[in-house]
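Given next, in structure tokens, is a single chain: the form predicted alone.
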């Protein structure tokens, strides 16, 4: 479903990604870990073309992502950010229906029916008419997930979805993500939530020094990593 070949990203003289290649099969959940500055978030943003790669090729469902088709292909990818990015001047239901209505994917009645089904799915149906400022961090992130799902994506990209949350709110967001994974959604998840990786991910990537240094099943990579750099990183996050 996703094919990345030789992906490289520079900001001037700063190299953020260098010759990154991998594939993701339909229905796979990939957990991506690594230290700050290793290129994890930039990788997701290049896949979604929020950032333009310096070199390399990205294919979605066999189609090369170009400037001409990026908006169409982006509709097949939902993205959830660290800081929610909800519109505070819009009610919850209007946040969710905005993109489908703007892109004329469905009429208002259908969009609202779809939004309510998604709010039910993330456990927030009673919050349809409130503004985001009244929600907890965990609730905001669940609304952000519902908003991303409103486009009917084939792929979900999660960029540190729990890092801005208080610890007691992390579980409610991870529960929704596990449900998506169990339902067969193709997912790339940048996160240090090792419990989620063990429970839901098919594979784990460890990124450092601008590339994927190691990959494998989470249970193997987390307990018996091959690379010394991976071992040092895992020791640091377990302290």
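Residue numbers count along the first chain shown, from 1. Here the structure is a predicted model, which means the values were calculated and not measured.
There is also a form predicted together with a small molecule; it is not shown, and the following applies to it.
Chemist: Looking at 56, 35, 195, 171, which has any heavy atom no more than 4.5 Å from the small molecule in the model of the complex?
Modeler: Contact residue from the list: 35.
Chemist: Going by heavy atom distances of 4.5 angstroms or less, which of 191, 42, 186, 48 would be at the interface with the small molecule in the model of the complex?
Modeler: Looking at the other structure, the residue within range turns out to be 42.
Chemist: Among 211-219, 7-15, 21-29, 224-232, which stretch sits within 4.5 Å of the small molecule in the model of the complex, heavy atoms only?
Modeler: So the stretch in question is 7-15.
Chemist: With heavy atoms only and a cut-off of 4.5 Å, decide whether residue 160 touches the small molecule in the model of the complex.
Modeler: Judged by the heavy-atom cut-off of 4.5 Å, residue 160 is in contact with the small molecule in the model of the complex.
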